[in-house]
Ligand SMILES: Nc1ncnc2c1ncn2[C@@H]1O[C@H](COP(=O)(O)OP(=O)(O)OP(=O)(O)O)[C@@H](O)[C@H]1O
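To begin, one chain is listed below as structure tokens, in the form predicted alone.
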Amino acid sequence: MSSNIFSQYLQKENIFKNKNCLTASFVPGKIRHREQEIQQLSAVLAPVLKGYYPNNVFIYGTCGTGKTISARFVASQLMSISSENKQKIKIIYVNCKMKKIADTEYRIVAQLLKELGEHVPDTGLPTNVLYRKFFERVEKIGCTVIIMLDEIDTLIKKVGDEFLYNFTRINQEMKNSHITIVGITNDLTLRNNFDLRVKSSLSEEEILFKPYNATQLKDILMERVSQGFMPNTVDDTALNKCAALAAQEHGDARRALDLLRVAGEMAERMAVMVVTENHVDMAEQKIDIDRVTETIKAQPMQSQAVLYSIIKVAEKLKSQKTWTDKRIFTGDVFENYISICEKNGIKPLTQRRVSDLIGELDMLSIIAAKVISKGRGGRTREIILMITGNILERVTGFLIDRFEE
């Protein structure tokens, strides 16, 4: 009988001790270089332990600056001490980027109701009925309910900010309970776009998480290495490279951890027991390809069609060596987009809506688009494709399979 193909995997020496420690979702017992921010958030929420209502608070900072992990750490500490003192506090955490949870106002309120133990149908009820059910449920519980909305900017872009006004306004009508909002966002200018009523009713405090520097990132990685890898399996040059690359990307600790974990996986697959700088280079390339392709695969079909149109225009311009003006404009993209829709039986959107989708691709850094004036010809967008090399090849291959017959 032949041996199982996975037997060799089980017989290999382990390079990892606990790979979960190297993920962004892991909450360590101590969070390094965020002591001040954790203290600030704790101070805002602490009055709940003495029977007072804590203020709303918004946590700002770019990706990977420790916002989520710090908020969840504070939440766990608060729940622990409130349990010891037999105080009734409810904390609900919702990631607003999760599909089918926070992509409509109905679904976010339905999710909050589910977190409070009340099942509601995915669709079918008027939204105002859901709000009433939620507020009645909160009032029945009779405690402070802290709602942590991670990536709240994503939710606001989809449904507006009216729901924030609804949550804060109802506090005036409840006698036994209170709702406190903790918003977590990468958008440092989010509050500037709030309706004046929302700004007034929120009266929130603000906490800013600044990017980590390379030294801080290395400290974080060293602590995770001690928990996640077997002894003497990660070279110091690999740690330095992970920290340096992540520091260049706005001090993103999440990227540093991803680089280190994937570098370890690369070394493991090559049957090498020490993670080196070369493995980090390999990990960087793999992560960049995977990140962009998965982002594009997750986009709606119309956005994919617009991106495919941009790529086709770029390829056409590249082939026309005698043409000096190789800039991509919205009008050219729209013509190709219409053609793609006709070939694939897709109902085309208006040029204005396509322009909106181009703006969304710009926000994802897949393209760079800037508005320029063409004199009497009006205004248009000039587009630059930001993905190149192996990533562009992988993306183009996916889009060809998607749209070419």
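It should be emphasised that the depicted structure is a prediction, and the values quoted were computed from it without experimental measurement. Take the two forms, find the largest set of C-alpha atoms that superpose within 1.5 Å, and that set is the rigid core. Counting begins at 1, following the sequence as shown.
This protein has a second form, the form predicted together with the ligand, left out of what is shown; the following refers to that one.
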Under a 4.5 Å heavy atom criterion, is residue 212 part of the interface with the ligand in the model of the complex?
yes
Any chance residue 391 has a heavy atom within 4.5 Å of the ligand in the model of the complex?
no
Tell me, yes or no, whether residue 63 is in contact with the ligand in the model of the complex, where a contact means a heavy atom of each within 4.5 Å.
yes
Touches the ligand in the model of the complex: residue 369 (any heavy atom, 4.5 Å):
no
Taking a heavy atom within 4.5 Å as contact, would all three of 75, 90 and 149 count as contacting the ligand in the model of the complex?
no
Contacting member of 341, 44, 358, 31, with respect to the ligand in the model of the complex [4.5 Å, heavy atom]:
31
Listed residue that, although the ligand is not shown, lies within 4.5 Å of it in the model of the complex (heavy atoms), from 395, 15, 383, 24
24
Stretch in contact in the model of the complex with the ligand, which is absent here, among 189 to 197, 137 to 145, 251 to 259, 75 to 83 (heavy atoms within 4.5 Å):
251 to 259
Going by heavy atoms, what in 193 to 225 lies within 4.5 angstroms of the ligand in the model of the complex?
212, 220, 224
Would you say whether residue 27 is displaced between this form and the one not shown, judging by a C-alpha shift of 2 Å or more on the superposed rigid core?
yes
